[in-house]
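Below you'll find only one chain, the form predicted on its own, shown as structure tokens.
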């Protein structure tokens, strides 16, 4: 009994060491990749700005109406200028980060919950479950991403919650197919067969053995998908079916700037730069994650 307990203890320590080593390798990969490290810093700053927006600038400056401040160019009083209603663009960019972060994180999380469950079921059980889930996913693949989001929003109507649902509904199919393929490659390994031979149930095998070793491509895709969700929300708001006025959405700010592109170009430049920098940061981090996690995935196959 002592030897068995000691062996289990050493095995648990080894698992923890491997997990620590994985996160250490990811961090070292990010440190070596300067653009990715810069992208990570931008993401961290964006999250803090979104959380502490009320402490940075009052919400009234982002959604109010100030006739005497209409179309002021960038200056000491308004560092990013004002829009056609006299609202401070800096304040709207700051508060718009809240919308982008909330949509990006919650929409991808919503898609992950559904996609991981469906992908695990399809990849592990195969047979009829696999056929039904993949054929359902094919329905979503039949539509271009943005057109699918427009179709869902047409049914649900505008609003933050509906934008999150629309993007999450589209994301699950991509995540399910990706995770299904990863589960296929992992479940044939010897350690999974060994766990099944000693009587481990399907739930334990999935949670303890398959999920940790099959998540690498999903982690990379999720990081990339946050940027995609932010762009999609901006596009839906730009088209008028996403966030509604006076919400300080970056896409809505771009829509408002169309009539003032020549007379007040700052109305378009700053929200456009915010979208560009944010999405590029997530792409750089996702690229670095792929470089650090792909070798682990190949080693597991």
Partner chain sequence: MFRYIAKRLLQVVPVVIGVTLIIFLLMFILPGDPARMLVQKGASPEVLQVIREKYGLNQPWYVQYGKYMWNLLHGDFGTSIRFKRPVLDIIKDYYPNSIRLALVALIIEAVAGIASGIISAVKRHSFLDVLVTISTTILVAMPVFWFAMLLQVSFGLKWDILPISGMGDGSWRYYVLPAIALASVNTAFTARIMRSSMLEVIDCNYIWVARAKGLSERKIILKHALKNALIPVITILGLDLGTLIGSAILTETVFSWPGIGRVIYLAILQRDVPVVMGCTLILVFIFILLNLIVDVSYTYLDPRIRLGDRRAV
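These numbers come from a predicted model, not from an experiment. Numbering follows the first chain given and starts at 1.
Although not depicted, the form predicted together with its partner chain is the subject of the following passage.
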- Message: Looking at 85, 150, 192, 106 here, can you tell me which has any non-hydrogen atom within 4.5 angstroms of its partner chain in the predicted complex?
- Response: 150
- Item | Heavy atom within 4.5 Å of its partner chain in the predicted complex - residue from 46, 275, 53, 36 | 275
- May I ask you to check whether residue 234 falls inside a 4.5 Å heavy atom distance of its partner chain in the predicted complex? yes
- Message: Is residue 247 near its partner chain? Define near as a heavy atom within 4.5 Å, in the predicted complex.
- Response: no
- Message: Can you work out whether residue 131 and its partner chain are in contact in the predicted complex, taking contact to mean some heavy atom pair no more than 4.5 Å apart?
- Response: no
- Task: Considering only heavy atoms, tell me if residue 284 and its partner chain come within 4.5 Å of each other in the predicted complex.
- Result: yes
- Query: Every residue in 241, 254 and 257 with a non-hydrogen atom within 4.5 Å of its partner chain in the predicted complex?
  - Reply: yes
- Hey, of 195 to 203, 215 to 223, 140 to 148, 76 to 84, which bit sits against its partner chain in the predicted complex at 4.5 Å between non-hydrogen atoms? 140 to 148
